[in-house]
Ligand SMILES: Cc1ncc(COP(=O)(O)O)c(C=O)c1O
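Take a look at this single chain, the form predicted on its own, given in structure tokens.
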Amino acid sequence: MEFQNTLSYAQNLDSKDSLHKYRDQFYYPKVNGKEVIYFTGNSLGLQPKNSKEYVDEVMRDWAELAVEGHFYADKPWWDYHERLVEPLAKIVGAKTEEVSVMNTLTVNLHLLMVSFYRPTHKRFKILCEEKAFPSDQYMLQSQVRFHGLNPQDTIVEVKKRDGEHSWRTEDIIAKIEEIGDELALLLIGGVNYYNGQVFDMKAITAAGKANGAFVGWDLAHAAGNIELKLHDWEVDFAAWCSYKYMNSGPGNASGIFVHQRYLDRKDIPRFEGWWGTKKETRFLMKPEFDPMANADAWQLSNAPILSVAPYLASLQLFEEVGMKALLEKQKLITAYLEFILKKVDDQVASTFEIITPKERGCQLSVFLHGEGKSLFDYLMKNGVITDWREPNVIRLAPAPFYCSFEDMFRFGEILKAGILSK
């Protein structure tokens, strides 16, 4: 497609966009009285307007029914989370029984590590990417220390090649083969938070499994952003947060995936709680744990309904639209943003380097050579909500639900003005 850097062209793209009407389903912050151009859905998605209705329903049931809301609310609380499973399974490419909703992301990774990091004297090492998201680094280090091991001897990081901004799949697979039968677990972020790279999860999972290791994925920046086929790729486990591309609200409930091969088994080590025991006998208060036959067996406590309600609200929009349509727009709008960046780069003295490879979702990480944080500050003051990462990178995530092609054009004009105003 031959793009054009004009307002009329961007507006024409919007007129042909079947998702454009969904912009009206979200609230936008305002700067100087105008709705912002919002590029930080990779940190916190905008609020869907229907989320208040779902939360208000829970508050009303609590007021009118109190404890009886667990069973007699319109959406009974005791199985509320089950309503999220089918739409989530479509988003992450899973069977419904492989998905559950509980806790928050790092909590869930810790709980899943109980089941899938079982070091032995020979097989004990963990493979992750260099400079993984800090929470993942802390989680892995503390898990290793919990088992009486030294993180420096146990955690192996796959590095990027000198002078390159992204990882090569062949280097990851080579590192798996190099570690050999010492590798107990591979855990990588499916989309790297810093450079926006989408890892070849299918190939890497296959290599890890062939080597005899468990394979898990942190999908914080992947769920709701890229195509996932967790069941077909034979991933052992995964977890994700809901508040980025899935717009559930700050810090809200996380989702987990556990492959079918590990379900309905009593020999899987895990930390257990009463919400993971079979619902048919849960309220008999038996002393023995009898696990649910699905991923709910990893649940500990009853779901935080006020957290889960806005998640369900957002997933209703995903059900309406479907991942296919979101992915089609994601590819087009990200390509148009890249075009705009290159056009602005041609018009000004600065040099932009897009460090996100072609394997990407809807994030472009841009190295602003010759520019400082003052440019970021200018963007923010002029209604472009973006994200700064040291040493000199802005992350731009044009989420397809609520970003428009006109936003991309307007961003280019503001960016150019910010550079020329120095």
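From a predicted model like this one, the values you see are computed outputs, not experimental measurements. When you see a residue number, it is the position in the sequence shown, counting from 1.
One more form of this protein exists, namely the form predicted together with the ligand; it is left out here, but the text below deals with it.
A.B. asks: Report the stretch among 178-186, 294-302, 105-113, 165-173 that approaches the ligand in the model of the complex to within 4.5 Å, counting heavy atoms only.
C.D. replies: The contacting stretch is 105-113.
A.B. asks: What is the one choice in Y243, W275, Y262, Y336 with a heavy atom within 4.5 Å of the ligand in the model of the complex?
C.D. replies: Result of the distance check: Y243.
A.B. asks: Have a look at Q347, Q141, S135, T96 for me and say which one sits with a heavy atom within 4.5 Å of the ligand in the model of the complex.
C.D. replies: Looking at Q347, Q141, S135, T96 one by one, just S135 meets the 4.5 Å heavy-atom criterion.
A.B. asks: I'd like to check something about H221: if you look in the model of the complex, is any of its heavy atoms closer than or equal to 4.5 Å to a heavy atom of the ligand?
C.D. replies: Yes - in the model of the complex, heavy atoms of H221 and the ligand come within 4.5 Å of each other.
A.B. asks: Quick one: name the residues from 246-269 with any non-hydrogen atom within 4.5 angstroms of the ligand in the model of the complex.
C.D. replies: Result: empty, none.
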